[in-house]
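In the structure tokens that follow, a single protein chain appears in two forms: structure 1, then structure 2.
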Structure 1
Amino acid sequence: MTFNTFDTLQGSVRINLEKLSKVVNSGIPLTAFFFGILGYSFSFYFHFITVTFIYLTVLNFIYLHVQKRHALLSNYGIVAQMRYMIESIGPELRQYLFSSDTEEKPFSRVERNEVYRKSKGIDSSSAFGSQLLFNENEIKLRHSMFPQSKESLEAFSLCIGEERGLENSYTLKHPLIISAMSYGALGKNAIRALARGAKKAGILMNTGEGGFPKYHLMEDCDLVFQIGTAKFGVRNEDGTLSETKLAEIASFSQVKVIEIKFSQGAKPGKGGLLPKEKITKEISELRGVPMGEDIVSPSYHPECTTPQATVQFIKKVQDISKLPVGIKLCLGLEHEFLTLIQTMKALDIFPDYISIDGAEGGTGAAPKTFMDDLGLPIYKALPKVQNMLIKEGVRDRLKLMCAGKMINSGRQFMALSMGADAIYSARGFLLAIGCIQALQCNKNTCPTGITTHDNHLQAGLDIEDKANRVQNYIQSLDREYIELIAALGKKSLHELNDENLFLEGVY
């Protein structure tokens, strides 16, 4: 009985729509005619309405009988257009009204609000209990029965390049680094806001594979220069490394570290992608590529076809730049990674750090399948890499970093406990400078002016204000770090290890 009612209900809704469209389709020309008569017999002013309905009649006629592309329009006419209109504002409706606070992806409102609050410097507590689902796949941090006193905690400090005894080694004062986002993916105001914020907060920032870091340098923060697979900024005509250009960039006093990008979590096995909508004249010049077509980077470095060649390439970049040199990759085939480590060991050449990018990582533009289905998520990849490094006995030859939705201290602490020495975050900082997760990074239409080159949209992004947000975000995180370290019963971030983790059957 119950599902019968449901059936008739559905049926009646469908019939109503059909009837409605019939009524509307014949009603529109009739209305035009009706007002035509009123206009003729009473007042010419009625013809304003007559003309409007003549227009609607013509439009409806086109929908019903002329256009062939949209079945709904030719079956139902203007009523179906309403459907498209309502559907087109669906994402906004869902985000504003209907999605629950823990539901949105990739970051739920709860998670985003946490970053927004931090970036505005509002310390606040929540009430009643966690809104998350607690299930057997949940990773949790284990606290200690005997917390440390906050006074006894030690400051964080991590020297990149100390293993090689480098003169130009770089000491990180903060475990969080702004992850690679190129000028191109981001607009110039966003880059400058992040860079100025990094300067104020005293953190390191990665330039991304956008070529010469013109806007980063304006703000004078410490930089990691990233060499992408297309080597924008340091490339020869044929796409190989230009030694002179690399030496030139490495000689900037702000450039502290060089990073060679092999792959990225959101699109492992694929090169960078900058859609043509976002390629301005300046970007095409900074990168040395033509306008009007998508910029698709190759999926690998032409120099790096074997483990040996890859390690030699790392050595070459180290020698030319005389700076700490790290590599960034998303873990795929484990035996390949193991061979790479063994080759490093055999040749006694190590990068100064390895950064593991989780498959859940962000991107400005990538094919959906690559985002969804390729590469290992960070909490799976990180323990594997840590174990391989320990097993090969080379864990003390390099630093380990990681990225993948590390926007709040909980996730960051889990990664640190799994063996990471420092954390990269890209989207955490985007949220801090006002990203509302409109998911339009690939279209040059970012409503918050972050991932767009549209001057009008960028005008809303005040560099100084957003730089302060970055600083607040870092300071609020710092306060939380102190609470957390103490609660876990440790003296510093360096002491975190896997005994602090809980995962059913694993830790």
Structure 2
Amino acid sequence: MTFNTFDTLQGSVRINLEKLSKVVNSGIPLTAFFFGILGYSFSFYFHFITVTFIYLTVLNFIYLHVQKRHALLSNYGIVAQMRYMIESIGPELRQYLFSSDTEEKPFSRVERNEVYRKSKGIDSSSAFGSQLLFNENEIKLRHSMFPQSKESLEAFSLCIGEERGLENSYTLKHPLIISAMSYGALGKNAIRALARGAKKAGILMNTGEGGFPKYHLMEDCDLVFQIGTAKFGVRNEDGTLSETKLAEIASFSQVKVIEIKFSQGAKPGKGGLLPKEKITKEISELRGVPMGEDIVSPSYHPECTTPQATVQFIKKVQDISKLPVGIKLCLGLEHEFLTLIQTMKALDIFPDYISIDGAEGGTGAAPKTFMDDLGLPIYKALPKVQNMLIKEGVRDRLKLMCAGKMINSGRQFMALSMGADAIYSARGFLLAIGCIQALQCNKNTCPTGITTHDNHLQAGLDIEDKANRVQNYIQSLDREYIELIAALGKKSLHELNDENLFLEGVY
């Protein structure tokens, strides 16, 4: 049986939108007229339905004959509005009803649930078998036939700045650092929850490039102050570095390290982006920018147009701050990075660490093509950087860090085995404080109150509860670190190397 508004195609039913819209568009006013007659002839209560369909008739008329922005609405009326409504909830339908446990991006339900359970202090073990595919194009950790005793393992310790004999060097007691997330990208409650959790867990936290770290400082955790290309918080009117403002920031007891951001994995070659919807009066004042406009940071530091100038700029920040100074970048053209290293070597000036950000890294907002098509993934970039540093004979002059979807101990150990000394993670900690991967970070509508400045949405984020989740997450990872180090036959994280990796088909 075939209806006017449906076509049959190879045994399935396909909606004919043109016919359906004609039926609906004529049926709405007819229904209003019909119930109007019923209301006039039988009962006043029918007019409640009459009014509803009169409203729909007017709305449909506007869609069809008044508005001109949407061709679908002009052609099909209210039926097309149903399409927009379904499209708007499509991600939620796929996430909760249709996608398998392993196919969502950027993090699957399996990956997210592991972090959720860790952050809640719940057993995160699995049963029956891995849900991942196993083939030759993957990376695996190689275990030892002779595991170490857990009692013989050495505690982690990493001193940043020791290569320069720095008086204000900083010692990490944990290999995981909360990666750069600014006040602006995140709301104040999320910042405070992460900072308080960092304090509880005894880990370092990066402020991001958002200017004066008001809410980061409030919770008294150890901080990396990041200098982005816009130099929010430490810039002169012309966009150059303010020595006075940098010295003031460096004088805070909570600020232990300075980081210069040259590029970011999610948008290499482009500066930071904060949509105007997320700019409050307070953010405008902290960053020194106008409200009502997108904040688009420059794509480079004006002081850093050559390798020599870049190295001298690093030295300038070191001299002003008197603190360990690192640099962050996403690897692009390898010969340019090699030239930078060779320039450091020639001038005998090195940052205290280099952090390599993988192209799979996250961000609050970025053009899609930059997010999808630029930069090297971390497992491609990290070995290249490690090998260049070794080949130039300067690997012992600095520490090497990395970032890029490092939310679980397995991926972290793979990076540590490729040469990283410590790991940055942002989204792992966002998941720990309740992120549901709604993918609305750039819209000020985050349903969990994390990446929004809407007071109503932020009110649902309890700072103390989420801080405890950060601490639980770190403690759960610590327990897995012990298990993994012992299984790999090592006594400390510093002993990890590429012999621990199965890499066939990857490089």
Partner chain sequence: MPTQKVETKVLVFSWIFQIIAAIILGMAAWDKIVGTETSHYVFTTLEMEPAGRIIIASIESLAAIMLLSTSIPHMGAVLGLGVMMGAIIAHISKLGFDVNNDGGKMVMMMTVVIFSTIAIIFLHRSRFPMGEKDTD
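The shown structure was predicted, so the numbers you read here are calculated from the model rather than taken from an experiment. Superpose the two forms; the largest set of C-alphas matching within 1.5 Å is the rigid core. Throughout, residue numbering runs from 1 along the sequence of structure 1.
- The form predicted on its own is represented by structure 2; structure 1 is the other form.
- Once both forms are overlaid on the rigid core, the distance between the two CA positions of H456 between structure 1 and structure 2 is under 2 angstroms.
- Shown in the overlay between structure 1 and structure 2, fitted on the rigid core, is a CA shift at L376 smaller than 2 Å.
- With a cut-off of 2 Å and the rigid core superposed, Q81 has a Cα displacement that reaches or exceeds the cut-off between structure 1 and structure 2.
- In the rigid-core superposition between structure 1 and structure 2, residue position V66 carries a C-alpha shift of 4.8 Å.
- On a core-based overlay, T50 has a Cα shift of 2.8 Å between structure 1 and structure 2.
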